[in-house]
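In structure tokens, the next block holds one chain alone, the form predicted on its own.
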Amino acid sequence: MAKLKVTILHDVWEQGPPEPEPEPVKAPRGKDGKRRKKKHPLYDREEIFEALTNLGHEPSYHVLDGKNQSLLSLARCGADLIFNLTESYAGDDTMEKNIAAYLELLHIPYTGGGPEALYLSQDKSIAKKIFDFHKIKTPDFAISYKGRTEHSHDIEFPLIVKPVSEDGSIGIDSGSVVDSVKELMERIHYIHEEFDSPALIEEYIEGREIYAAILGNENPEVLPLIELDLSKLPKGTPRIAGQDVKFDQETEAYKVTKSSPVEDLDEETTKRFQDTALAAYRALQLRDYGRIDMRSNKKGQVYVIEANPNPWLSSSAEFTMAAKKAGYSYTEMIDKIVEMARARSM
């Protein structure tokens, strides 16, 4: 294996949700049964740095802080490969695709989705239209922006309303699911005022939330399915993965929800999820790795909710959980991602 200078590229969040705190790591017990000094939890970039070091590469960090100087210094960083963890630029997550495009101009190989995949995945309305074209089930939807309806299926309540181009569950909370025209109008207004964004209005699929992690390019591998168990959310709370569920560790919603490998699906249903995820992955031109979020209704129909290029790679994240279930160590998972990105430049 060639030794590479790998620059781990990440951004500074000035807006939007905080970077998720790493899960606490329990220190091992000694022979006397007492715990030793508690291990300090790492962020995903630190875990990736450690894995790259173990693989014999020379990792370094580069922060995009929203200033031109950080872009100029990136062009001169001398990296053989960029491990791209960026999700925004100067606090604007719609600029994520531009960072990948900039790396293309520099002819520096990088991990994960290209600008096309990042653009198609972020604009949920375009992604859903592509899913429709490819006969991939996705909830019927409408787009509304300040009195204009840009696209509309014949949708029925209950509905879920969210910004059309935000990541990380931004704009999604218990008020996102609406059951009346009054609630719908209020929520659309909230999205317009708070985010200056078109509102994506889609039919709410009541059912299990299943994630499919996918690793690969020419012959991508669908890793074991992961479920975000929302069944223990407080009574009357919509079963959705809002910001409180994903980021706010002090809330009851965060404490009672957890992700784990799915163990109770029959072979036919599992294959339905896997085939749907793989079709979505290919339709949006994702590469190296990605995660497809899906739901199934009471009839067993599988719907794609959204696609996530370059999902979080912390050791506690769903993608890593799926890789571990498939038999990959964390270091092996990072190695595969690096090798796939490197192969594109050869």
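Because the structure is predicted, anything quoted here is derived from the model rather than measured. Just count from 1 along the sequence shown to find any residue number.
There is another form of this protein, the form predicted in complex with a small molecule, and it is not shown here; the text below is about that form.
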Since the chain is shown here on its own, which stretch among 112-120, 189-197, 205-213, 252-260 would lie within 4.5 Å of the small molecule in the predicted bound form, judged by heavy atoms? 205-213
Site check Ile172, Lys246 and Glu306: each within 4.5 Å of the small molecule in the predicted bound form by heavy atom: yes
Using a 4.5 angstroms cut-off on non-hydrogen atoms, would Glu166 count as touching the small molecule in the predicted bound form? yes
Considering non-hydrogen atoms and a 4.5 Å limit, does the small molecule approach Ile136 in the predicted bound form? no
Residue-level contact is defined here as any heavy atom of the residue lying within 4.5 Å of the small molecule in the predicted bound form; does Lys97 satisfy this criterion? no
In the predicted bound form, does Glu47 have a heavy atom within 4.5 Å of the small molecule? no
Note: exactly one of Leu106, Ile130, Ala142, Ala241 sits with a heavy atom within 4.5 Å of the small molecule in the predicted bound form, namely Ala241
The one option of Leu74, Ile160, Leu81, Ala101 with any heavy atom within 4.5 Å of the small molecule in the predicted bound form is Ile160
